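Okay, so here's just one chain, in structure tokens, the form predicted on its own.
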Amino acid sequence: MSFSSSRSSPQAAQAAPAAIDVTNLSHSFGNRWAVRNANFTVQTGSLHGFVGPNGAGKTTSLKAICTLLAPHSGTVRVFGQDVVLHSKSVRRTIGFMPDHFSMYRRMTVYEYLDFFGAAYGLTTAQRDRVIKDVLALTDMESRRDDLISGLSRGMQQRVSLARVLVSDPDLLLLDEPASGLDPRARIELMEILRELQLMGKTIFISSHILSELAELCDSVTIIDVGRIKYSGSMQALLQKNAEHPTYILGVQGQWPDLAERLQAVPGIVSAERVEGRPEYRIAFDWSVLDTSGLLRAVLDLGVTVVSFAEERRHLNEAFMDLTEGGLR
């Protein structure tokens, strides 16, 4: 599609500055710190989740990144540019989709997108081409002449996303984009976001729907009481044990002494039967044994393997471990 951001090769993306670089960000409202010494980075091309309880500092951080709020201290850079010193330049590279969006409901879908295209300085020919592309991407081509007032919440959400894409931003900042959507609309929205990432967009998504973020995002930042509790890859966060990876082995038949035989294999730290199931939980040392070696050792024991997968904790579990309860 002509509007997509396929501007750099993978090699160029590696050399480029981070999409978002937050350093010691702090901001308070009166005597209450909304964000305190926050540090996190979002790499270019990633689909990054931003999660935290209500009042954790998500909206304040997001507004600072969007150039809508000047932090009291610290710096925020978008593609290497300070959001305070170079706010106009930063705004040309970002597209912000707020949680509660206001729309010109008496406009048609096309009129609405054309209005914003004109505001971005696009010519009539450019607007026609770009609007055609974004309507195709969001699957709203058949509704281009419908009044926005007659659209469902899910369709209005798509129009809002299409509006963000009209300027062809490199960084999409989405605040609760799936809020209020039915299950099908949420799934379809997630597919659109995956496609946008493949087009080269960096996507920063704030959401409370943890299960979807776990499937969608390759990295995540968790914030609580204004402080960053975790920022890094989703895979590392969801590992049960970072030092000793754990896999679940499903077997066919009865193997009364299999746990003991597995523990005798060099590199296996522990092996135990999963109660009530024909499965074994195996922890091993990466420095001695890799995954293929582990599976080979299991097969050498003559075991009939029916399943073999890494044991991962749910994002909900990690979230509860890292955040505090109660009212703020």
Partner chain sequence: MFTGSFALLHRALRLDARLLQTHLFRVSFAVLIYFSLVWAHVTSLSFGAPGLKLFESLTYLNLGLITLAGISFFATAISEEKEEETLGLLKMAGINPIGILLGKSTSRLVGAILLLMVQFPFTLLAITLGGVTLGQVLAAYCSLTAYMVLLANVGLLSSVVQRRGSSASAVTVIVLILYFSAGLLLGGIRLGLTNSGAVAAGSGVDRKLQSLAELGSDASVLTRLMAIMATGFSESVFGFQAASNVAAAVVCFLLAWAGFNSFTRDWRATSALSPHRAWPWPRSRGARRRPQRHPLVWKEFQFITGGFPAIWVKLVAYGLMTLSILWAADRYYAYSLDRAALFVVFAMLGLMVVESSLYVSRIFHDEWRERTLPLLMMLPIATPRMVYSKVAGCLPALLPALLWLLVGCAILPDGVEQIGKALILPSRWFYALVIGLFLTLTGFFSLVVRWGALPLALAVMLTGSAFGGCCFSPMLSFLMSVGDQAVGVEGAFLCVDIVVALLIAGLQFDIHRRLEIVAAQ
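Positions refer to the first chain, counted from 1. None of the values given here were measured: they were computed from a predicted structure.
In what follows, reference is made to the form predicted in complex with the partner chain, a form of this protein that is not presented.
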query: Interface membership of residue 199, the partner chain in the predicted complex, 4.5 Å heavy atom rule; finding: no
query: Contact of residue 229 with the partner chain in the predicted complex (heavy atom, 4.5 Å); finding: no
query: Any non-hydrogen atom of residue 268 within 4.5 angstroms of the partner chain in the predicted complex; finding: no
query: Touches the partner chain in the predicted complex: residue 295 (any heavy atom, 4.5 Å); finding: no
query: Region of this chain that lies against the partner chain in the predicted complex, out of 138-146, 203-211, 250-258, 187-195 [heavy atom, 4.5 Å]; finding: 138-146
query: One residue of 182, 218, 111, 82 in contact with the partner chain, assessed in the predicted complex (non-hydrogen atom, 4.5 angstroms); finding: 111
query: Neighbours of the partner chain in the predicted complex among 105-144 [non-hydrogen atom within 4.5 angstroms]; finding: 105, 106, 107, 108, 110, 111, 112, 114, 115, 116, 118, 119, 120, 124, 127, 128, 144
